[in-house]
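A single chain, nothing else alongside it, follows as structure tokens in the form predicted on its own.
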Amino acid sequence: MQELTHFIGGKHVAGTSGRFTQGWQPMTGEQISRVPLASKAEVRAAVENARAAQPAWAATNPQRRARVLMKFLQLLERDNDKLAEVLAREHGKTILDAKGDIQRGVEVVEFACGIPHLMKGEFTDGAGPNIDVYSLRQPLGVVAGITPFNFPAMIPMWKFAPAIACGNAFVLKPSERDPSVPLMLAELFLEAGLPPGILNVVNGDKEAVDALLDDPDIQAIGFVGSTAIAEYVYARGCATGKRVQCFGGAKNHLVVMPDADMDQTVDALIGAGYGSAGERCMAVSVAVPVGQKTADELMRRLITRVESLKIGPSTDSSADYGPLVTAQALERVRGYVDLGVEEGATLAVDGRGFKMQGYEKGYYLGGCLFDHVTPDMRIYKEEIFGPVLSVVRANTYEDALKLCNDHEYGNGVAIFTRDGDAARDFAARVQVGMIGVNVPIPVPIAYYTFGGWKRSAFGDLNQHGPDSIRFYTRTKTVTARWPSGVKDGASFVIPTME
């Protein structure tokens, strides 16, 4: 069994709080690690290391900072297989899916390598008589990220890569369920030439989160997790004067128009609904076929495909998905399937009885498919975060659009159609932050921003892309005049450019 540590000031540091949590291997149900839970003092030590290191890093010119990120990319490529193996072992997703997790983080690091251009300000020559005006983008100082279990490589890199590129120091609090990869990323960044103290990793629970939220030296917090905790982090962080961005839950719909390519649609629903065991904030958890004929045809095809899903251990390269992350997650998702039956939905495919031969203690659940789900049911209202797809039948396009708009979450949505007018109208009118047209998981590429609407996101700026540079910097505007030798005398009115 592995004894994990924190990573503070460029070194692995053993936990001193006396509090630990257990790390489990989802494939087998066996304990594989002991994870220290940081005290307020340990969080404070990470912040102090970050605060001491940050000024020199901020003074390093952007091109040299970019070179460190470029070296980090080389090391990520070198250790890709090792990172994916550790990620799959701790999280439960397949090796192939783990590599996708890493790659989406890599793409944001690649974007952040453009920091010499991204941090350029503005300049106006001769804005007034002998007056020039220019703006500067400057780092905030010490910032922090609180990241979830479901993407232990991607989301930390989404947070710390742009923050560090901008000249900030970063304190990361990853999920205590699978913290090994974040610790490995910190080691690789140090090897790439990042100064000690610029990236620190503290493992912990609510005590560590509250310590970060209340620490006066933390200037900004980024969070990804459930909506309830996102609201808590946003409110407490803002109350202490921090810049805060929080991303919460989701209930992503895929609208199926009568003219949709049904083969393409079913492939999309299977991959987006059941990939990574449904443990994605961008997973499609609701299919909305328009018209009864469309719904009947969709269900006929989906039942066969869901029944034939291959569930296996993370090491099985042919598996469609692996186990859920913990025993508690498994019981939670099973409970939602039980609830759906009680609420009157039709359980067309029941995966609750699935057992993985040779891995009977692992956290596996077969694919589940509900039909005739209605908007008043909890399985429709709430995020299940498992391999469960609900079909909500809509009579018309307007009914389908209303379903998407009325839901409290607004993270991602998709429409499958051959009709350009319908797609264009949908993209314009749907009240959701990220939209796919014949694309089931519309996660934007790294140089666009990622973020939902409504109760899926709290804060004004999104993740990665241009918003990440805005979030991790503040603008300073300078108005300058150089004396010409002419004395104008004192002025008692507000300066203008006249």
Ligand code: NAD
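Computed from a predicted model, the values in this text were never measured in an experiment. Sequential numbering from 1, following the sequence displayed.
In what follows, reference is made to the form predicted together with the named molecule, a form of this protein that is not presented.
The stretch that touches the named molecule in the predicted complex, counting heavy atoms within 4.5 Å, is 149 to 157, out of 340 to 348, 422 to 430, 149 to 157, 299 to 307. Contact between residue 456 and the named molecule in the predicted complex is found at the 4.5 Å heavy atom cutoff.
Among heavy atoms of residue 247, some come within 4.5 Å of the named molecule in the predicted complex. In the predicted complex, the named molecule lies farther than 4.5 Å from every heavy atom of residue 312. Among heavy atoms of residue 176, some come within 4.5 Å of the named molecule in the predicted complex. The three residues 273, 286 and 321 each lack any heavy atom within 4.5 Å of the named molecule in the predicted complex. Of the candidates 118, 76, 330, 229, 229 is the one whose heavy atoms come within 4.5 Å of the named molecule in the predicted complex; the others do not. For the options 141, 366, 100, 225, the residue carrying a heavy atom within 4.5 angstroms of the named molecule in the predicted complex is 225. Scanning 258 to 281 for heavy atoms within 4.5 Å of the named molecule in the predicted complex gives just one residue, 281.
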